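This document opens with one chain alone, in structure tokens, the form predicted on its own.
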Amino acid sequence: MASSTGDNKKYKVIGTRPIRHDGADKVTGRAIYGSDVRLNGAVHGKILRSPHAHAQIKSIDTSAAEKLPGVCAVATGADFPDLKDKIANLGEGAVNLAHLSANVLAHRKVLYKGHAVAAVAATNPHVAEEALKLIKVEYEPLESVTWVLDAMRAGAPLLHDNVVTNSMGKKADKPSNVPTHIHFEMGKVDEAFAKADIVIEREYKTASVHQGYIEPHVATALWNEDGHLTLWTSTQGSFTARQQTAELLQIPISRVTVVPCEIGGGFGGKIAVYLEHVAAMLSRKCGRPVKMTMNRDEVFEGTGPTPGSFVRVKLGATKTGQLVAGEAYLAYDAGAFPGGMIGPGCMCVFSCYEIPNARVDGYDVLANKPKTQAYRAPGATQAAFACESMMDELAEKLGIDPIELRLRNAAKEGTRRVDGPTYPRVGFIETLQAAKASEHWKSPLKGPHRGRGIASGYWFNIGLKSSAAGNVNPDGTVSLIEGSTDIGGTRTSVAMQLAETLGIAAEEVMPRVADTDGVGYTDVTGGSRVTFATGLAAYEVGLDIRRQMTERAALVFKCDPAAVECVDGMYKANGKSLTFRELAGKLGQTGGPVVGRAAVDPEGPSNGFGTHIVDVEVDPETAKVTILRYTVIQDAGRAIHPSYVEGQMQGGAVQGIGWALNEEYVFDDQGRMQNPNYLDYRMPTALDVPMIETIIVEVPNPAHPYGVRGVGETPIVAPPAAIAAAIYKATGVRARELPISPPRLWAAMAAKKP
């Protein structure tokens, strides 16, 4: 269902639910995913991975593997350029190329179990696996550390001897597992706490969790005899993959073409490269295309999960429930290399509320785990679990309804975040009002061992660069070329904005995601930016086409272009009119093809807020938590295709449910992951969740012509805190560690009994 709270402007296309343009290919199996790519003469690549969480590599002997019949090439880190520290901007985040190279194939040291050490290409996967067994690696095992606070302690195993703490621009003089310290502050924090009527302070822990995409990482490389490299890969950003690969191989970016395949999920985990430049090197060595596909355990152990975290939050308020002060300490593990998700965590911890006096300290921490990567609002879920749990506890202590407490302190236009930005028009208050008015919130919750919880969440969303072009066809259709990998139906949401601008039907726009040679630079599909930014590019393409079509209409009508009126795809002047299709049929007689193009780089976030309501039942004997009912309320700005908005809201909520109740990386005392498969890594299935109810709020974003806000990140932020609040109502146990798994909850419930 939808709840419109902005302007009531009516649109012809926007807000409707056309069938997605790639729907037929997806349901019939004709869509080309990474594993579907089959080139003539292709061989198969496999990677040898470290059995140790932390060890020096003393030597690697690949001679026996190279002699095995069927082996075409073998590669180690020594085959690649020895890169120095250089920061590359990947759109959604940046990366040190030396660290990226060492992560893809280890240099001198392995830093987590599953760290890639060597690679083999062979005529079939079985021969490649046999060859891996013949590679002899001599290791010197070292002590490992996987929990963030342990890694911060003096005397902890040091992962890198050349990494020092950078604290607000000042670098320490000795190596550390803490590469970065962030500090934000505004107001007079200590004075505000001293004057507060109530002050509470709590600590929270979260485990690492994986994005859980269905499709494993896959890449096929062909390094041609002319020196040109072509990659077919499952990636969230073809231009980002191109840049990383070119930099890691130290070849001109113009020598690399990335063809983005359909992608079976990413959620932030398919921005960094893992296989691409390894497959490329193997292809160069053997002169044949090389295809590499990860197994599921490789995905878990060798690619980036979310950070495990420790968060301490302190809130001060008046008796009437007005927040006056906030303080947060956040320590997030970055995995084996610097550059984790601590920045967004610090930005988002107090982002839902107007707190005049606030202080935030954040620490990026190295640990013997895979290098962390983005996962849907990276860093925000951990922060919200702490802050929103505190808001629920504060509401109880003050005797105030939890929605009312949030309404009294809700961020709104003019609210300044602790990290500096001031909000424009945003829709947080409207989501709370919609939650309060919802049938779910008003309905009674009957029965023992049941509870209802509520929590809110925020993600800033990003803009970044997008390019697009539109070609008008003689039959009145438009071929749209864009560069954003389609994960959640963005072909259609972008095409709909072009259709709206031109006054034609969504079905009359034919979108295609091009490779890196077929369209201008476009940043990653991430940060909830595609419908916003690439949609803005499509809008600009539409304006360009309209301008040209108006000039063509003027030639037909024999008038000045300024006299031509264009309304809903109809061109009028001198008492005459032509539809868009009719005018398109005359392009050959009025000057030839019409091609619109645009490149945009919108600045500033689009600011997404949401509020979630959840009902749970807890089995008193086993502590199993059953989700009875779940409602997501979110400000979408303008829902271009409501079905896709609802799908994003539902998908994020389900992932958040898994994060809250079961999902975690389990390590033994040697730092080895114990559950790298979907049997032991417990994700929600259709049997674990009810139908997720949705309420779309629309408070148009002033920075977009159609009011679009990104929607994909925000839904994962609130679920753990909302579920924790509901569990407290059902059991009296305040959960402060994720996941709230049955063994953990059962122990807490048992400890609470007399």
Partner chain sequence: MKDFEYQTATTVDEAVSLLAARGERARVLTGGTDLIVQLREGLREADLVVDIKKIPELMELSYSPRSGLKLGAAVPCYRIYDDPEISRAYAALADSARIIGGWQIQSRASIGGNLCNSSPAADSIPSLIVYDVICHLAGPQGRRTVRVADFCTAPGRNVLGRGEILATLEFPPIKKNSGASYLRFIPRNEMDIAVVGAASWLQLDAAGERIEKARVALAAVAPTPLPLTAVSEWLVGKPATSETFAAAGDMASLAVKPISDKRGTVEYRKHLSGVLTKRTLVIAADRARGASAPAH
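Numbering follows the first chain given and starts at 1. From a predicted model like this one, the values you see are computed outputs, not experimental measurements.
Beyond what is shown, the protein has a form predicted together with its partner chain; the following relates to that form.
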| query | finding |
| --- | --- |
| In the model of the complex, Ile253 touching its partner chain (heavy atom, 4.5 Å) | no |
| Contact test in the model of the complex: Arg682 vs its partner chain, heavy atoms, 4.5 Å | yes |
| 4.5 angstroms heavy atom contact with its partner chain in the model of the complex for Val666 | yes |
| Heavy atom of Leu687 within 4.5 Å of its partner chain in the model of the complex | yes |
| Per-stretch contact check against its partner chain in the model of the complex, the hit in 523-531, 616-624, 576-584, 347-355 (non-hydrogen atom, 4.5 angstroms) | 616-624 |
| Contact at Tyr33, Thr123 and Glu507 by its partner chain in the model of the complex, all three, heavy atom at most 4.5 Å | no |
| Contact assignment for its partner chain in the model of the complex, among Lys133, Lys412, His183, Lys188, heavy atom within 4.5 Å | Lys133 |
| Contact assignment for its partner chain in the model of the complex, among Asp401, Glu129, Glu138, Glu203, heavy atom within 4.5 Å | Glu129 |
| In the model of the complex: members of 722-745 within 4.5 Å of its partner chain, any heavy atom | Pro742, Pro743 |
